[in-house]
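Okay, here we've got a single chain as structure tokens, the form predicted on its own, with questions on binding and movement later.
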């Protein structure tokens, strides 16, 4: 087997079960492994540490599959890992809560680069790394065998594949094009655009956060920014919000949001939909003197990695400053960051700085994170990407 030998001292993170090996940690590579091929990882003293997937184009040069050098990476390995991931979720989220759930969460489930979301009877798969790409067909076959679903669709059209030297790819893997899929979530109904929607079609990681924010929205005039297809908006309306104003730059997403109001039998006259650049619209609202009881900020990823953190911090501060200025005294700010490059500590400092600039005293009354079907391995803190605060001003 082709071998990757680490520099002295660089085995510490591997032994601590962190799955990433950066190019700077490697002393030498014996053989010429192809992209995604399994390599044996050795310490500087030559001790075998485990098996990893090799990624020649990425700064993360290898990702650990295991710490068992004697184990074979084959179809049985992937079948077992996927089955274990699904079984771990069996008691986390009851069927009564939703039929849309993340089944495999990449590194946190011991499968770097593999993301699988289930929407009713459809699986959506993301293959994000060279190692996952190498075993793509094996992974898909295992998913079909374990879940028994008829339709599997690929949404490997994210920027991270470029870092792996992989082109974007989408399309049917099993069955037919699923089109729009209806899901249920805490008694509410949503349609998911599997083919063209953001991420894998819907933000299922925000499921319980939508429920909590919705509970707090009773009787409130709510502003939902970066609303996508109106997840937070529907929860707010269903929980008795007086009015919900939702804004997004996507005309298609807003149209789906309007449809969700009708699908759930909610009052359309309590829902206002605004298409436009959120930053610009918020500044206009500020200048017009508009105000709300609750402002929800759930922007897209500003900083995928720590390298973009400084630039992203300015964007997060700007959006939170504008949101805070639109809040009435005693109002609620529900603010989120899904950027992996922004830690929870940094995000709190950003929101605190925005409050100072807005001349507002605020208190965090609850912290929020991704749902339990998006677990964070103790040895992989990078998996904690979603941060949220409910701030009372």
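Positions refer to the first chain, counted from 1. Bear in mind the structure is a predicted one, so any value in this text is a computation, not a measurement.
Same protein, other form: the form predicted together with a small molecule, not shown, and the subject of what follows.
The closest non-hydrogen atom of residue 323 lies beyond 4.5 Å of the small molecule in the model of the complex. Put simply, residue 181 is far from the small molecule in the model of the complex: not one heavy atom of it is within 4.5 Å. Although the partner is absent here, residue 226 is a contact residue: one of its heavy atoms lies within 4.5 angstroms of the small molecule in the model of the complex.
Within 4.5 Å of any heavy atom of the small molecule in the model of the complex lies no heavy atom of residue 103.
Proximity to the small molecule in the model of the complex, defined as a heavy atom within 4.5 Å, singles out one entry of 278, 152, 256, 220, which is 278. A heavy atom within 4.5 Å of the small molecule in the model of the complex is found for exactly one of 284, 74, 249, 268: 249. Residues with any non-hydrogen atom within 4.5 angstroms of the small molecule in the model of the complex fall in just one of 131 to 139, 172 to 180, 231 to 239, 153 to 161: 231 to 239.
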